[in-house]
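A single chain comes next, written as structure tokens; it is the form predicted on its own.
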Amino acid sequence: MCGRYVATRGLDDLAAEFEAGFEAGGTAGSAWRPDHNIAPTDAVPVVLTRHRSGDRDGPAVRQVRVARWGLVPSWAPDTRRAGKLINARAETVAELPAFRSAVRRRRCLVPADGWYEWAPRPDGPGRQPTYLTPLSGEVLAFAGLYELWGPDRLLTSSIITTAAAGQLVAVHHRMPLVLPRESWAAWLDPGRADATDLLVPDLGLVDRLELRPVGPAVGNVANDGPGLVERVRTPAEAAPTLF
């Protein structure tokens, strides 16, 4: 699953990275700040392709927007279940009422530096907080969905997850679906209703991730800052040797 992640690039940098538009100084921008410990219902940057507000006759354009993490379907009576819809399983996303319309018409990319999982400790009980991030430092693009809810058109989002692959199997049985750059345009294409062929993990991307043990402070959503992603020595690494 993906329940906590990191996004530290500014909206203008994301606009350049994803070749998207962004109106600096807008109300959406004021709702976002780089975050090393993003949790459900937080404000998050997303990339989507839509008509500009008030210009329905013009072409759809790629935009960087700020959404709330936790999807609220347009037909929902309120936003109370948003925290439970932060993830959508790739295996069932086209079938479940909460997601099936969005996966056909409202797909987005969710930029990230990396994400956290709590991996089983190989040396004993308990779990080790682990930060998964590209060795290259490149941006990740999670496959996402978005919805607009209510009279104020609240923008909400969800991250698609899939079965863990490659080296990540040892960390957790699920992982966010990370899309390679060559799939971004197809995923964002609002004229493409069927994106089933893109719901497959890229093993090359998975193999290029660092699995970095980090400290327990990330477990508290009130904590933030670059110290959360600093590598720590695991108990196995810290254990003295006899030789």
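The first residue of the shown sequence is 1; numbering continues from there. Predicted, not measured: the structure shown is a model, and the values here were computed from it.
Separately, the form predicted together with the DNA exists; it is not shown, and the next lines address it.
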Is it the case that Ala7, His51 and Gly137 all touch the DNA in the predicted bound form, with a non-hydrogen atom of each within 4.5 angstroms? no
Check His172 for me: does it contact the DNA in the predicted bound form (non-hydrogen atoms, 4.5 angstroms)? yes
Is Pro213 close enough to touch the DNA in the predicted bound form, meaning at least one heavy atom pair within 4.5 Å? no
Is it the case that Asp152, even though its partner is missing from this view, gets within 4.5 Å of the DNA in the predicted bound form, heavy atoms only? no
Thr130 near the DNA in the predicted bound form, any heavy atom under 4.5 Å? no
Heavy atoms, 4.5 Å, the DNA in the predicted bound form: which of 200 to 208, 40 to 48, 179 to 187, 58 to 66 makes the cut? Say which one. 40 to 48
Even though the chain is shown alone, can you say which residues of 188 to 212 have a heavy atom within 4.5 Å of the DNA in the predicted bound form? none
